[in-house]
Structure formats: C-alpha cells, structure tokens
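Form predicted on its own, single chain, as structure tokens, below.
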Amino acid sequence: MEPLDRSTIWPYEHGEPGDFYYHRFGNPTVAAAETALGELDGGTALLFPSGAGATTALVLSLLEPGDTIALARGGYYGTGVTFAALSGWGLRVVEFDQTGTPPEDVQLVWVEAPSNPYLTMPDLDAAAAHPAQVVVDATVATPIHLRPLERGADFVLHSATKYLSGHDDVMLGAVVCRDDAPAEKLRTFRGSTGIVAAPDPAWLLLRGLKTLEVRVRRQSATAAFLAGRLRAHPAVETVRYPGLGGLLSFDVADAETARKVETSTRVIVNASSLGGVTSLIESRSRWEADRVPPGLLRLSAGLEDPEPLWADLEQALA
C-alpha cells in the first residue's frame, strides 16, 4: 500500500511552497487516490468528504443564481435533497425522464447510470448532444462497467463511500473532470471553501480500488442471479435490474410486507447503503415516501455465496 501521510503542513522548498504545503490545498495520500481514480475513469479526479459534498462543490463551482439543473427523475433522492438545500442561493431544478432527451433551457444536465433505486439507464447520447454540461452519477456502474467521459459527459460523480471503497468503512465523494479548466476551477473552489477529503479515507479508497474489479464483477454476477430468481417468485411483483452492477430493487405487495421481508433476513443485513462486501436490504419508502412504491425493497449484493443469499430471501419472502 501507498504510505499514509496525515500531515497538515509541509516545509517550503528553498523558501517557496512545493507541491504540498497546507492540507486544504493538497495532501500526498489524497493526491495518490485521485490519480488512481482518474486513471480508472479517464479524467482528472478530485476527492471530497462525501458524495453530497462532491455534489455541492460541483454545482456551486459551475452554476450561478437563477441557473437550472435538469435532474433525472427517480434517481437518488439525496441529490434532490442537496439541491433543495441550495434553492436559497437561487438554484432551480426540473426533473426529466433520463431515458429520453433532457429539456431545453437548462444549464446543467444531471443523470444517473443506473438510477437508484429504479435502475434506469440514461440516454447518454441524448445527454451529450445537449448544449449544457453533463454530469453522470456513476456510483452504481463504477468505472468497471461505464466510463461516461468517453461517452461525451463532462463530469463523473461517485459516492466513493460505496463500490469504490467497498468495505462500509469510508465516507468520500469524487468528481472526475474531462477537461483541465473546470478541474482547476473546482480544485480552487474546494481549497477556498475547505470541502476537502482527509488522508485516512483516501488511503482506504486506495485499498478499495485495488480490488474494485474483482468485487464489482462478483457482485454483478450475484445480483443477476438473484434478479432471475426473484422474477420467478410469486410474492414478487416487479424486479428492476439493468444487467450490470450489484444493485437491484424489487416490489412486494405493500409496505407491511416489505417491512416483514427486510426484518426477516438472516444473512442479508437490514441497513441503508450499497456497494460493500456485505449484502444489504431495506425498504426505501421509509426515506422516499411516495417517490417509490410502498413495497419497494432495494438489495445490494455483497460477496457472499449466491445460493445462501437466495435461500435467505426465499425464507424472508415466505
């Protein structure tokens, strides 16, 4: 593993600041993690303390009061919560079906690949053809399944807490920029506002990236296996799986049934997150209310043997 440098200051070199001199403007461990992620996504990566922190910094560095974001409908609800918190600064949001063309007269297009928890995939060609800049939240796909910068996106956003770090022990966000100028603008904004990542989670991200491909491919295979079994189960009404990644969702009859299922699993943990080595399940209506069907359950496949996972789901559904 790369060395972990927790320093907040570094001596000047011959009386002048070097590459690292004060942590708010750069840290060797954070820079190493950014380099590794940038190589995976094909751009310049910048780390932030969380996915929401990355979202906030990117929007505030790109937009002005009165600008409008076209936000993918049915995506991660926390993104909309963050944008609502910024509405006092004049930020406007319109939702749209990301499988189609983004609306006109917006200054930023924000899609998810795939969306969470509906698992729809965006029309990346339509998004790239739009005159506004495009952000693709690729938290679920990861660079293993999708490199949005190669498809015309301007920015890739990750909740690095999830698959990239992969062990439920890191809180980080990341923005990967296609071009140098917006990357430098965002870097300057990050240093000025102090929305900076700490070295310890960055070091753990470096650890996670070393096993990212083997984890994601195993999780994807398990999710596809479970989706197939769930589609054939009489208690399951709808299964959503886009054919890639380790995340799926499915609907049971109602909220009461969903509650019984999530509290009856013995191997799969009833908790709120995704992308870790442990399989997780939860009813999303507790957080998203009428944004989702009352019986919708989100399932994040971990690294366990798929057959015991299915046996656990089967007994919970019973």
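One-based numbering along the sequence shown. A quick note: this is a predicted structure, and the numbers were derived from the prediction, not measured.
Beyond the structure shown, there is the form predicted in complex with pyridoxal-5'-phosphate (PLP), which is absent from this document and is the topic of what follows.
Heavy atoms within 4.5 Å of pyridoxal-5'-phosphate (PLP) in the predicted bound form map, among the stretches 44 to 52, 251 to 259, 285 to 293, 30 to 38, onto 44 to 52 alone. Of the heavy atoms in Thr142, none are within 4.5 Å of pyridoxal-5'-phosphate (PLP) in the predicted bound form. pyridoxal-5'-phosphate (PLP) in the predicted bound form is not approached by Tyr241, whose heavy atoms all lie more than 4.5 angstroms from it.
None of the heavy atoms of Ile281 is located within 4.5 Å of pyridoxal-5'-phosphate (PLP) in the predicted bound form.
Of the heavy atoms in Tyr76, some are within 4.5 Å of pyridoxal-5'-phosphate (PLP) in the predicted bound form. Shown without its partner, this chain lists Ala223, Ala127, Leu71, Leu172 as candidates; in the predicted bound form, only Leu172 has a non-hydrogen atom within 4.5 angstroms of pyridoxal-5'-phosphate (PLP). Out of the listed residues Ser165, Gln98, Gln219, Ser159, Ser159 is the one that sits within 4.5 Å of pyridoxal-5'-phosphate (PLP) in the predicted bound form by at least one heavy atom. Contact annotation for 111 to 147: residues with any non-hydrogen atom within 4.5 angstroms of pyridoxal-5'-phosphate (PLP) in the predicted bound form are Glu112, Asn116, Asp137, Thr139, listed in sequence order.
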